[in-house]
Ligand code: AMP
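Only one chain comes next, encoded as structure tokens, the form predicted on its own.
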């Protein structure tokens, strides 16, 4: 009896069903010698995709862009954006191609997008390809973020293309398959606002509400409520980043989703020694997107989003601006509540937020003065509370006073301690380990990458097998700059 043929993905095309000005149809470039690096089997299962089919010749052809199954409608999405504060009226998917959408097991659609699969009409003179390094970085960090409980785009697959990509040097090429609730950005709205395309803005609002905020469908002030909803999600998201010591690195408006998912893991990194002004991105020379500046940058991006909705708020420009300002005023409160509540959980504190906030600020100040490792410090507090492991704090009168104060604030409530445990990871994708995986991959060895993927899948659990991966870098291992890869 012959085996049944494996099923190819059954794509939906909600975004490709929008008017033509929202995207351009494209054909991915063929990879000369595609080789599979990794399939995310658990995510494939959630999406109803057959992992064996993805490994087949047909599946590899799809994941590399070399050949698409029936039903795919590859498109590059149009958007604009502010990049490091500078306005660019047309950006768009310059090296990314949306194949379509599939249905997640929760019943909602997910985009399937190839990154690094060749030129599009938005490539702006680029080759549309991706070096291997950024593909491995995005796979590692996006999946780590998902395991850490942070809203994020996901990694379905990484494929080596067998071709050379030229940047400052010759590099091996690769394609990354990204999964997202959608790829609609603040910059998508800016694209239509800049063209005074009010009908396009209305179409986008309807699409976003239908996909991401269905509870707003019957709202009397849908446009205003959408702005508030996006503000809430982004304020909460940025607070989560900061509680993990994560620095996005390139918080341009075209890299802020209206779904509230983290997107674009180019020059991102996690802090080792804690300094609030830390920057890793090689292109962020002014520190615009430093750890401490991320809420300011996020609020600025949301103000640009609010601008795009002004024509929908009211025909009276002054009234529209008042509505936008009223909504934006909520960002600081929402962010601060999420930020300080999260750090209270990390410290295992009991007491009202207004009482614990000064202690949290004092803690972060002492951490910065002493250059303590961000992840190790908070994890050591968890181990002290759960296992009685002695704390190793810097020797100073400040830390001695801090410890006495912390022990007064520290809760013994089981629920508080459980929140503490799942706020302080044991392991993160440390920069030197990510770089180690990339360098090994450049030589054709993906065992380091695969081991790190597996270690990061359970970030809140101690695992002796991966004990070496949780350690801070030695001085010779420190990574001080990360790169975009475009």
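Positions refer to the first chain, counted from 1. Nothing here was measured: the structure is a model prediction, and the numbers come from that model.
Absent from the display: the form predicted together with this ligand. The rest refers to it.
*Just give me the single entry in 240, 212, 95, 137 that has a non-hydrogen atom within 4.5 angstroms of this ligand in the predicted complex.*
Selected residue: 95.
*Identify which of 83, 356, 336, 314 has a heavy atom within 4.5 Å of this ligand in the predicted complex; exactly one of them does.*
So the residue touching this ligand in the predicted complex, by this definition, is 83.
_If the criterion is a non-hydrogen atom within 4.5 angstroms, does every one of 362, 394 and 396 touch this ligand in the predicted complex?_
No: none of 362, 394 and 396 comes within 4.5 Å of this ligand in the predicted complex.
*Are any of the heavy atoms in residue 129 no more than 4.5 Å from a heavy atom of this ligand in the predicted complex?*
Contact with this ligand, yes.
_Close approach of residue 123 to this ligand in the predicted complex, 4.5 Å, heavy atom_ = Yes, residue 123 lies within 4.5 Å of this ligand in the predicted complex.
*With heavy atoms only and a cut-off of 4.5 Å, decide whether residue 143 touches this ligand in the predicted complex.*
Residue-level check for residue 143: no, no contact with this ligand.
*How about residue 255: is it within 4.5 Å of this ligand in the predicted complex, going by heavy atoms?*
Yes, residue 255 is a contact residue.
*Specify the contacting stretch among 87-95, 202-210, 154-162, 373-381, defined as having any heavy atom within 4.5 Å of this ligand in the predicted complex.*
After filtering at 4.5 Å, what remains is 87-95.
_Need the contact residues for 263-300: heavy atom within 4.5 Å of this ligand in the predicted complex, sequence order, or none if there are none._
Just 264.
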